[in-house]
Ligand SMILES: Cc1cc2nc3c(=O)[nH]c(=O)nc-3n(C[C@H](O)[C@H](O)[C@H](O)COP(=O)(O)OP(=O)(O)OC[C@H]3O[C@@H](n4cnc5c(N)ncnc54)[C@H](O)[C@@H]3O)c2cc1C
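Below, in structure tokens: the form predicted alone, a single chain.
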Amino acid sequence: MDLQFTQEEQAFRGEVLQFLKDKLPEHLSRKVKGGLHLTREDMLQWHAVLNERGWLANHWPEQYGGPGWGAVQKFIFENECALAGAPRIVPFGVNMLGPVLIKYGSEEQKKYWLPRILNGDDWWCQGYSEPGSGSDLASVKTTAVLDGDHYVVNGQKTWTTLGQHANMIFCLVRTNREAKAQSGISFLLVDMKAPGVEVRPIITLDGEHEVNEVFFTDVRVPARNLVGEQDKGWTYAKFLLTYERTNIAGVGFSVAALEKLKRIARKVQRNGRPLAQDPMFATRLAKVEIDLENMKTTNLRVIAAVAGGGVPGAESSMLKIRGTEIRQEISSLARRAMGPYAQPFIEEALHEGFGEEPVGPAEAAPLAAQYFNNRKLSIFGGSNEIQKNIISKMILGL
């Protein structure tokens, strides 16, 4: 693969940069670069801007609303958005459910749900993990029993990211208790407003309400909301997870975070010289940059395979492992660079007189929260240990 951008690709990059200059709201960019909390309205605003331009679902086929980009165009777009401080698109509808519906959904489901994903009518969340069924998704216990033209769903999901904002959830449910674990699972679309659905918040270590528990008590779901065939949901779940794991790698966001870390290392003084010149720190900084450059190449290969009609395989697990480790290392180095100013103080204590101006360097204020939040990256989407098992099976046949 030629990793040098062609003239056409450079021209596309210029088009993306101009679009970001013209259309990325400054208040959103400022929040993202400052590590501040994004509201539901913030995320929907950027979703709408991209959809209006036709760049929201950049990996969907053109017939379903995608822009028809190649692998390099997607790579350029995602990198430039990250560097500009654009919000990350909420992935559950666009990046996860959309590809599943396009490949396995009925024509009726595609016609109804895909436009609603694009225009923001539906905010989707993911109902995979359960208490005791995280990386081992084949052990899910939430049941769906067919009763006439409806399924009756009972059970519990956990770690449901942004479920407090969602009106729809796609779930793995057990529809056959007699079949082998993976063979008795189905993929069901559930209305979060249906009677019997309860959402309870889980407050994370950084103090944010990002994840939730979701309980289902005799929830009636139309049978037409079953995606694909009953008891075949494991196939669809694995297909979705390859997209999720590639997305978790977050190459563009690591690039932006590394650029910020370099600026900090050049500015912070230790022992009378910039931190970037400290041998120990410089060594760790160089290593993470080399790892990131290698991951960029792998990411391009995966995107190219998908653009050619393939499905991400072991490469998505590789990206997930290295991508999460790189993002964690960058956040760790940023905290180390800021020293005591990056301690996990309550947010108000980081501002003089509880005003606008922060105590110490402005870059330090969000670092503790980011560091703690990034601890989850190597766990969700299938823990990194599980990813190593997948790689061993797919490549080595172990």
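In this text the structure is predicted, and so the values were computed from the model without any measurement. Numbers for residues come from their place in the sequence shown, where the first is 1.
Below, we refer to the form predicted in complex with the named molecule, which is not included among the displayed structures.
Comparing 143 to 151, 284 to 292, 120 to 128, 184 to 192 against the named molecule in the predicted complex, the single stretch with non-hydrogen atoms within 4.5 angstroms of it is 120 to 128. With the partner omitted from this view, the residue of 211, 227, 82, 114 that lies near the named molecule in the predicted complex is 211 [heavy atom within 4.5 Å]. Contact with the named molecule in the predicted complex, judged by any heavy atom within 4.5 Å, is made by just one of 95, 242, 158, 175: 158.
In the predicted complex, the named molecule sits beyond 4.5 Å of every heavy atom of residue 17.
Not displayed here, the named molecule is kept clear of residue 22 by more than 4.5 Å at the level of heavy atoms in the predicted complex. Using a 4.5 Å cutoff between non-hydrogen atoms, residue 274 does not count as a contact of the named molecule in the predicted complex.
Using a 4.5 angstroms limit between non-hydrogen atoms, residue 13 is distant from the named molecule in the predicted complex. In this stretch, 45 to 84, not one residue has a heavy atom within 4.5 Å of the named molecule in the predicted complex; the partner itself is omitted from this view.
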